[in-house]
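One chain comes next, on its own, written as structure tokens: the form predicted on its own.
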Amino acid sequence: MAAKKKKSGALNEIGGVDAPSSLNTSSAKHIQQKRLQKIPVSEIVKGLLEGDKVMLSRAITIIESSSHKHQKQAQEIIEACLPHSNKSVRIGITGVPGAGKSTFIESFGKMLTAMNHMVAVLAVDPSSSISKGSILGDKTRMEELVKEENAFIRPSSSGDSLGGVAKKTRETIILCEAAGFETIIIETVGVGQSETAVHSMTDFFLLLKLAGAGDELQGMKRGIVEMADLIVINKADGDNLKAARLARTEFNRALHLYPPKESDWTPKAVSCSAMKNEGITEIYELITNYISLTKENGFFEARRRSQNKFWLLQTIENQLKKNFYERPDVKKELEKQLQAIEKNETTPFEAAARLLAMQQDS
């Protein structure tokens, strides 16, 4: 007779293979970079355009690499993929931790793959401020979707990127589109400025909420509601069903108080149960209606152009910051000013003025 399986709980650990104590993470990273350098860019691009998910993963790894050796390769890959991009629908999904984003994306993604759609999920994983490593590991949270032939899931550590959105997410979108993925889902951590960052790179913005946890009051904040094209009250099942319906009604009343959107789209709130796969079809239909409307009235293309301008300015800002902090004289002076601040010999504003003056003098 087979032994009974232990009941799994939220705090139970999943057994795995222990890493050897002698494992050197920096050496492992060096080995990975060496392997990437051995593959010609032309071969990576060819495989990517043919829909090879292995080559797509390798291409993303190259553009995410901080190595100077990979920057030229990354640029060549992006340039080769650009003519084949811009043919997808980009959906941004955000919500507080615990709102069920991963469960919702899995349910929504499986519905799309069942319709023979190619779906890519770019899940930005929160990273530890101490180890800088990913905390959640989204592939383990979407066990069914990751098995689908037409699905591609890429978890990326948010690192120190503003708002928890991976720095290279925009470039990754281009690669996924070139690989033939028709629907790109960008999931964000749902903290800080991540909503604004995701909104700047997507066509449709979905806000996932909870009912009965005080979350509906947080949702009334003007900024996040104004950005949302659709508010979804998740976990509308069991004892939470009544509270979810009430929250849906409250959100719909609140949405009527906001001015009309440039897209001519009227946002609404709906409820669903991603766990029970209920209400997912209605959400898909609403997104489809939105895309049809905005393509007809020209807002879709206008928004894409606006996004490209934003990306240009953001890229310049990031490069200027990088160039500034990498200068040896700035590094030396920065350390000096940090020590001066610690000893209360200067103010942060005076220290910043000194450092920025070095940029002007160069």
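C-alpha atoms forming the largest set that superposes within 1.5 Å between two forms make up the rigid core. Predicted model only: the values in this text are computed from it and were never measured. Just count from 1 along the sequence shown to find any residue number.
Just so you know, the form predicted in complex with another copy of the chain exists too; it's not on screen, but the next bit is about it.
- With the partner omitted here, the residue from Ala254, Val96, Val89, Val270 that has a non-hydrogen atom within 4.5 angstroms of another copy of the chain in the predicted bound form is Ala254.
- Residue-level contacts in the predicted bound form: of Glu226, Glu282, Asp237, Glu148, one residue has a heavy atom within 4.5 Å of another copy of the chain, and it is Glu226.
- The closest non-hydrogen atom of Gln319 lies within 4.5 Å of another copy of the chain in the predicted bound form.
- Among residues of the shown chain, Val54 is not one whose heavy atoms approach another copy of the chain to within 4.5 Å in the predicted bound form.
- Although the partner is absent from this view, Ile174 contacts another copy of the chain in the predicted bound form, with a non-hydrogen atom inside 4.5 angstroms.
- Of the heavy atoms in Lys331, none are within 4.5 Å of another copy of the chain in the predicted bound form.
- Stretch 332-340 is the contacting one of 38-46, 290-298, 332-340, 56-64, since its residues have non-hydrogen atoms within 4.5 Å of another copy of the chain in the predicted bound form.
- Shown without its partner, the chain has no residue in segment 268-298 with a non-hydrogen atom within 4.5 angstroms of another copy of the chain in the predicted bound form.
- In a rigid-core overlay of the protein, Lys53 has its C-alpha displaced by under 2 Å between this form and the one not shown.
- Core-superposed comparison between this form and the one not shown: CA of Arg303 displaced by less than 2 Å.
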